[in-house]
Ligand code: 3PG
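Next comes just one chain, in structure tokens: the form predicted on its own.
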């Protein structure tokens, strides 16, 4: 069960599909994959849900497909037989939750108050769908609910969009967000699969939020490094900030007292979640040097790419 949730956490965004025509399901799924999102929640709000799940699962067996808006155990069985890997419910239905828990089916029930959260915890679950997120108080409400339930995690859905997804994902109790802005009905019905791909790619880029943090200069001795820092500070008036193995001359220049990966130096690229960034970059064929990985409190905070670019080592770092 946790394997599915772990993968959803790496993907970060769960498109919520309400498909009226199962014949369009494969095209929509293909557009999502091209845009960098290899999962989807197909809601049982339409009669085409079961066939849509089946069509996507057959066409893209590696895509993580779930069933949403599930309100009874019959829908659970239909979803599973069609190829669904997880179940999402709009509210907390004890019969549906218990059925899934007994059969070890990953389920994320909808919860928006302490009563439903306590029922979910009593059932052995640690992840709930916070729905409707926007109307229920957004991030401040989730933080308030997380206070007494320290191990609780959330998948906020409802009111999440490209403009606020970083705010939601910035709360570390959130494993992923659910949304439909990249798969709106009008786009699907009009066959605008190119736009679905574009919006999906835009959402992933927004989520990963890659940006240059600093450039590192590598040296063979502390004397070399100290002379370089001195020059930067003399010429530009930068502040000097010593660290364990380097000294910063301003926030953007790291002068290292030894060598790290990179013939000429290194470039640090910031991202909110290094592990999630690795997942998405790996789909592009990017490899990582795990011997360089650094962790803090069990969380991956830094790692170098296997390959250099222009003689510079590139390392991701949590920002």
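Residue numbers count along the first chain shown, from 1. Here the structure is a predicted model, which is why all the values come from computation and not from measurement.
Another form, the form predicted in complex with the named molecule, is not on view; read the next lines as being about it.
Residue in contact with the named molecule in the predicted bound form (any heavy atom within 4.5 Å), chosen from 110, 158, 138, 216: 158.
The partner is absent here, but in the predicted bound form a heavy atom of 131, alone among 131, 92, 193, 86, sits within 4.5 Å of the named molecule. Comment: 123-131 is the region of 244-252, 220-228, 123-131, 205-213 lying near the named molecule in the predicted bound form, near meaning a non-hydrogen atom within 4.5 Å.
Taking the partner from elsewhere, residue 264 is found to have every heavy atom lying beyond 4.5 Å of the named molecule in the predicted bound form. Remark: residue 162 does not count among the residues lining the named molecule in the predicted bound form, judged by a heavy atom distance of 4.5 Å or less. None of the heavy atoms of residue 303 is located within 4.5 Å of the named molecule in the predicted bound form.
Proximity of residue 173 to the named molecule in the predicted bound form falls outside the 4.5 Å heavy atom cutoff. Using a 4.5 Å cut-off to the named molecule in the predicted bound form, each of 16, 45 and 184 places a heavy atom inside that distance.
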